[in-house]
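Only one chain is shown below, in structure tokens, and it's the form predicted alone.
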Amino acid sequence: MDANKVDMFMMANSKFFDEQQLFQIRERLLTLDDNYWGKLQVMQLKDPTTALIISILIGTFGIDRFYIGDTGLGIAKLLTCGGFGIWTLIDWFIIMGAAREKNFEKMRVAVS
């Protein structure tokens, strides 16, 4: 894939991934065929900041986990009222990392 396209993609989407993942993603994208470009353009990535805001406001009901795609954990969090509040507090600190990890997994599947 063209280096300019890859750099533009990386600049536009760097907030969706951890810093240590960015190098891996860039290197993988540079080796891809241009046929994957359309797939990358329509890929829906979850914003970690939005996940944190959802977690703070209504995380007790598991909506933050549903948002990032953890349906099973969302149901468990919903049924236990956020792990009786403890899980909700923990998620305030880890939900952004979880969202970035989900985005990284989605990216790996899309370009493989």
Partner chain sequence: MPLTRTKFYSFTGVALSVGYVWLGYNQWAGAGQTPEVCLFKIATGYPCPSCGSTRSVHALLQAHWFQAMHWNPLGYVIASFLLVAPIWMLSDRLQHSASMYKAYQWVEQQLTKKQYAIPLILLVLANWIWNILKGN
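Positions refer to the first chain, counted from 1. Keep in mind it's a predicted model, so treat the numbers as computed, not measured.
Not pictured, yet referred to below: the form predicted together with its partner chain.
Participant: Identify, from the list Ile53, Cys81, Leu40, Leu32, the residue with a heavy atom within 4.5 Å of its partner chain in the model of the complex.
Facilitator: Checked against the cut-off, the match is Cys81.
Participant: Is its partner chain in the model of the complex close enough to Asp18, Gln21 and Leu45 that every residue in that trio has a heavy atom within 4.5 angstroms of it?
Facilitator: Checking in the model of the complex: none of Asp18, Gln21 and Leu45 is within 4.5 Å of its partner chain.
Participant: Hey, in the model of the complex, does Thr49 get a heavy atom within 4.5 angstroms of its partner chain?
Facilitator: Thr49 lies outside the contact set for its partner chain.
Participant: Spell out, yes or no, whether the shortest heavy atom distance between Glu105 and its partner chain in the model of the complex is within 4.5 Å.
Facilitator: Yes.
Participant: Is Ile25 close enough to its partner chain in the model of the complex to count, meaning some heavy atom within 4.5 Å?
Facilitator: It does not: once its partner chain is placed as it appears in the model of the complex, Ile25 has no heavy atom within 4.5 Å of it.
Participant: Flag Met10 as yes or no: does it have a non-hydrogen atom within 4.5 angstroms of any non-hydrogen atom of its partner chain in the model of the complex?
Facilitator: No, no contact at 4.5 Å.
Participant: Which residues within 41-60 place at least one heavy atom within 4.5 Å of its partner chain in the model of the complex?
Facilitator: The stretch 41-60, when checked against its partner chain in the model of the complex, contributes only Thr60 at the 4.5 Å heavy-atom cut-off.
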